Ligand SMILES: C[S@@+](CC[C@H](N)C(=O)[O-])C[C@H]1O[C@@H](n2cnc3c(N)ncnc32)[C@H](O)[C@@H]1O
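Before any questions on how it binds or moves, here is one chain, the form predicted alone, in structure tokens.
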């Protein structure tokens, strides 16, 4: 029923907002090692020329906003959008334009962005297609979207999210204190993986942010190329290029919004 779906969507959004406000995602102790995982992002921002406007939807603490500035995009042409008020507040203090808003209903006008970044966001919503529609709505005809989502063909997410449903249920419905007991045990699994991928172990703040994002997050939809192509076709867009990240955890796509 429509009313029931709306209520669930609101509940998922509220939970995600609370979680990402408490566990800020973005500035991690493995630094630039993160950039090696996502070559598609750099190809995308290399397309940004002159005075084009860039919007990062679900920007977290602003890691990729800083990368955009470092790569030559003027700070005044960049806007960060995030669900967590703590992220938006800190970005404002750093001189970025930042908006607190929900990707399912962005508080932005139509056609405001030339290049829209949405890196690891829509798969955490209760309605990814609606979220994608919002990305298209704010992007100018002829503009581009960089979409990065969980890869359906990688078994990792079946282990860290699907199989962890009992833990997630206890966290959201019984007691959030369960993390104090579970997180140290979880480190036995993910810290060796982190070292292999990043060349170092995660500090506690980084580790907890990742644990919450990948295990406790209320939703974690998985995507294939055909699913993204279907989304694009239904919104009059064209997928110009796909790119898996280094370990095939994520599937990136550069998408053109048709006139």
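Worth saying up front: this structure is predicted, and the values here are computed from it rather than measured. Residue numbers count along the first chain shown, from 1.
Not on display, but discussed next: the form predicted in complex with the ligand.
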Option from 151-159, 171-179, 78-86, 137-145 whose residues, in the model of the complex, bring a heavy atom within 4.5 Å of the ligand: 78-86
Check all three, 20, 119 and 125, heavy atom within 4.5 Å of the ligand in the model of the complex: yes
Might residue 103 be said to contact the ligand in the model of the complex, defining contact as any heavy atom within 4.5 Å? yes
May I ask you to check whether residue 64 falls inside a 4.5 Å heavy atom distance of the ligand in the model of the complex? yes
Can residue 34 be called a contact residue for the ligand in the model of the complex at 4.5 Å between heavy atoms? yes
Is residue 237 a contact residue for the ligand in the model of the complex, using a 4.5 Å heavy atom cut-off? no
For the stretch 7-45, return the residues whose heavy atoms include at least one within 4.5 Å of the ligand in the model of the complex, in the order they occur. 13, 16, 20, 25, 26, 34
